[in-house]
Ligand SMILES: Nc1ncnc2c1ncn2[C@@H]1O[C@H](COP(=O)(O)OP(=O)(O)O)[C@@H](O)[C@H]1O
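One chain comes next, on its own, written out as structure tokens in the form predicted on its own.
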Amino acid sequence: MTKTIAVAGKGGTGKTSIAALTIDYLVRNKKGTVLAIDADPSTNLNLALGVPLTETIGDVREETATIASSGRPLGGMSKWDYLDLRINEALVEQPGFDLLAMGRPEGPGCYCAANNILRSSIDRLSNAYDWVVIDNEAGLEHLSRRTTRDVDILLVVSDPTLRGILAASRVAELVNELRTAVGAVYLIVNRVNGQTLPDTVLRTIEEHRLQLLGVLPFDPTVGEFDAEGKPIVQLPAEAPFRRSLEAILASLKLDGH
């Protein structure tokens, strides 16, 4: 049965790096086949993974809306078959994982019939994998619109500030408003200097009933990779950020089989 991990958090917290290294962890530890879904409109997951990207689901949706409004036929295919074909064409296939980028959210050119079909098609596609890992935007828009499947584990990423923890708590609160079912919700605090979090931050986490899964250290190597445009999955095994994240993931005892 497919298991789904979603990573969310406000911009600049390192959530895309965490999503990419989670995918890399699952692949390297042979946890099963992985579908990576970039649900953040900024579409950076492919860069973190070091893979090309030429087309998004947003492109497919707009193309379908244009064809439908013009009255042109879909090559003799039904909308279902056409969108299934185009989704598979947008899929970036790599050793160990495949990547699907959602692209821009639904806009003025929204073609509602296409969106409904896209959601069903993506869910059917997801069922072919052991794992789905979603790099989500802070507002959980794709989850709330059921563009992607239900979630087993939601990792909410924050920096070690009161403002960051409050933003993370709002993300966690959104879970109660979603039509998408979400299982366990965990907090990961990134870019921590020292061994522990400040008392004020720990109190805020407790007050908002956030389940702290672990902390990740400030690692200058990560900043160097960002500055040079290097894929984060090439981060050395001994890098503190990678070591700490892999220890956190190991604690979850992930098994997709």
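A residue's number is simply how far along the shown sequence it sits, counting from 1. Fair warning: this is a prediction, and the values are worked out from it, not measured in the lab.
The protein also exists as the form predicted in complex with this ligand; that form is not presented, and the subsequent description refers to it.
S.K.: Which residue, 223, 41, 50, 198, is the contact with this ligand in the model of the complex, using a 4.5 Å heavy atom cutoff?
M.R.: Selected option: 223.
S.K.: Looking at 32, 214, 58, 217, which has any heavy atom no more than 4.5 Å from this ligand in the model of the complex?
M.R.: Going through each option in turn, the one that passes is 217.
S.K.: Of these, 22 to 30, 198 to 206, 50 to 58, 223 to 231, which stretch puts a heavy atom within 4.5 angstroms of this ligand in the model of the complex?
M.R.: Contact criterion met by 223 to 231 only.
S.K.: Going by this ligand in the model of the complex, which residues of 1 to 30 come within 4.5 Å of it through any heavy atom?
M.R.: Contacting residues: 10, 11, 12, 13, 14, 15, 16, 17.
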